[in-house]
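Below, in structure tokens: the form predicted on its own, a single chain.
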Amino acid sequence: MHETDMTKALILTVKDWWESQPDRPTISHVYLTVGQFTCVEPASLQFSFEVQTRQTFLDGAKLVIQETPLIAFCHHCQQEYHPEIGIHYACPTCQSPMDDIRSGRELKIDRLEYTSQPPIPLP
């Protein structure tokens, strides 16, 4: 389950940004773009995020994942197509092997949603 390591890297990246902020904002949402060809299982990533952020600066933050489809381009046919992951990667028209991936390999933090007010301490 490489989602565990990916989540650790995500947390460290967000933490670097968070620590550089003078007021240490409260982060409510972390938005990710995950391509279908990254072999990342969104449900596993969600679970790993929830477990690893407990009692940290991200405790209670929601992970919002936007998946992008695998889209390839066939230079011979001059058209885009949607390969079937794990089944068929060649161009459906001419059977040329997939060599130009236009979408589906993304794995990035899109944005954070946060408030600059520190949380009110509980009595």
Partner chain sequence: MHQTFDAALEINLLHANQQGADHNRSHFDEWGITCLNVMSSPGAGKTALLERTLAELNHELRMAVIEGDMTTELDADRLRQYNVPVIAINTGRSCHLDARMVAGGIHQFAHQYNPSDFDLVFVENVGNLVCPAKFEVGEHAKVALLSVTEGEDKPLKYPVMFQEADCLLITKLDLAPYLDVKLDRIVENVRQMNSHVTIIPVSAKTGEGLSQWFDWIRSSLSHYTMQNLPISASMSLGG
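Model, not experiment: these values are computed from the prediction. Residue numbers count along the first chain shown, from 1.
Below, we refer to the form predicted in complex with the partner chain, which is not included among the displayed structures.
K.L.:
Does Arg24 reach the partner chain in the predicted bound form if we count a contact as any heavy atom within 4.5 Å?
P.N.:
Contact with the partner chain, no.
K.L.:
Considering only heavy atoms, tell me if Cys39 and the partner chain come within 4.5 Å of each other in the predicted bound form.
P.N.:
Yes, Cys39 is a contact residue.
K.L.:
Give a yes/no on whether Glu19 approaches the partner chain to within 4.5 Å in the predicted bound form, heavy atoms considered.
P.N.:
No, Glu19 is distant from the partner.
K.L.:
Taking the partner chain as it sits in the predicted bound form, is Arg105 near enough to touch it, meaning that at least one heavy atom pair lies within 4.5 angstroms?
P.N.:
Taking the distances in the predicted bound form, the answer for Arg105 is yes, it comes within 4.5 Å of the partner chain.
K.L.:
Judged by heavy atom distances of 4.5 Å or less, which residues of 92-110 approach the partner chain in the predicted bound form?
P.N.:
Read in sequence order, the residues that approach the partner chain (within 4.5 Å, in the predicted bound form) are Pro97, Met98, Asp99, Ile101, Arg105, Leu107, Lys108, Ile109, Asp110.
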